[in-house]
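Presented below, as structure tokens, is a lone chain in the form predicted on its own.
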């Protein structure tokens, strides 16, 4: 039974943090084991940063973003996992603006554990993750913040370092780089960094992200605190009294907590809460999520 709960721990770590899905944590699914995740996330804000200037969101009141995420993680080997996920997103506000809804981008990753050093005190692990994403439908990218995405294809690489003690205390740090393709808008010109462009193709800034986690895990319970940061590598700022645009350099620092509880064999419930502390061209969002994970072994009857 203890082994079953620990396998559930590997699966439920999908959502430990604001952006902490399994591609960014330090846990691996064993060979032949698959984990299925279903998760609901709610985010809202009524203040935002126009560049570095914080403003009230008087035009649309309180903005709300909700999504349901379905993900799967499969252990090809004990050291190599394959992951896939697809969110369904809908947006709304207190104003007369109507948001969008629909499936967004399909993502897939490979995760490899390059090193695991054990000692009398704990285990140190080094992992790497690479992934790609692609839009699954022709949604509108030029209606931010109500757009469900920006219609950009992406590729990402990241490194993960983790140390877990025999007592269950752990620390994890990860950092990654995401390359994003240009997007195409339903217009033939736009303004970017003070220059006018006569084209419908718009550059989207690449992203750098990093996360730190401190937590505790045993056979039935996991709890952690996290600090998450991301920034665009270039881009411009939201123009005064204008809407966000795909070329904007978005940046945010978010702090939060995460917890999960294993209720039966491979079944676990989890939840998280996060708050944006500082940002640039983003809303000061408050986020909470909850969901369920279930794992089972595809290669054995037990």
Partner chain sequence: MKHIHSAILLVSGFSLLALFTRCNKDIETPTYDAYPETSLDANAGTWKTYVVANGSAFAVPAPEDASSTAYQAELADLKAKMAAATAEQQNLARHWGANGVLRWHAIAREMAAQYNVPPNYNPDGTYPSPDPMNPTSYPRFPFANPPYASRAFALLAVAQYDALVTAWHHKFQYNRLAPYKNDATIRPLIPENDLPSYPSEDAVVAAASRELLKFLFPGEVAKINALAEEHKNSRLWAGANVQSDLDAGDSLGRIIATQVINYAKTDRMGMANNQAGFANQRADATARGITTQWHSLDIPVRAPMLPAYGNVKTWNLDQATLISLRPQAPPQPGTPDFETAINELRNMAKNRTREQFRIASYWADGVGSYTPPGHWNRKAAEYIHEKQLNEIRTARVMALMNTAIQDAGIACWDVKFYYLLPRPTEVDPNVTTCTGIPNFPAYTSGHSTFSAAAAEVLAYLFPDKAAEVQAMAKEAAESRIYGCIHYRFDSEIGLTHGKQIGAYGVLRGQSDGSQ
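The structure presented is a predicted model; accordingly, all values stated were derived computationally and were not measured. Positions refer to the first chain, counted from 1.
Keep in mind the form predicted together with the partner chain is missing from the figure; the text below concerns it.
Undergrad: With the partner absent here, would 54, 136 and 278 each sit within 4.5 Å of the partner chain in the predicted complex, counting heavy atoms only?
TA: Result no, not one residue of the spot touches the partner chain.
Undergrad: Looking at 122, 145, 87, 203 here, can you tell me which has any non-hydrogen atom within 4.5 angstroms of the partner chain in the predicted complex?
TA: Looking at the other structure, the residue within range turns out to be 203.
Undergrad: Within 4.5 Å of the partner chain in the predicted complex, heavy atoms considered, which of 102, 212, 130, 232?
TA: That would be 130.
Undergrad: Should residue 163 be counted as a contact of the partner chain in the predicted complex, where contact means heavy atoms within 4.5 Å?
TA: No, residue 163 stays farther than 4.5 Å from the partner chain in the predicted complex.
Undergrad: Would you classify residue 197 as touching the partner chain in the predicted complex, given a 4.5 Å non-hydrogen atom cut-off?
TA: Heavy-atom contact with the partner chain at 4.5 Å: present for residue 197.
Undergrad: Any of the heavy atoms of residue 140 lying within 4.5 Å of the partner chain in the predicted complex?
TA: It does: once the partner chain is placed as it appears in the predicted complex, residue 140 has a heavy atom within 4.5 Å of it.
Undergrad: Would residue 189 sit within 4.5 Å of the partner chain in the predicted complex, counting heavy atoms only?
TA: So residue 189 counts as contacting the partner chain.
Undergrad: Given that the partner is absent here, state which listed stretch (106 to 114, 167 to 175, 67 to 75, 213 to 221) has heavy atoms within 4.5 Å of the partner chain in the predicted complex.
TA: Residues of 106 to 114 come within 4.5 Å of the partner.
Undergrad: Can you tell me which bits of 156 to 180 touch the partner chain in the predicted complex, meaning any heavy atom within 4.5 Å?
TA: Residues within 4.5 Å: 156, 157, 179, 180.
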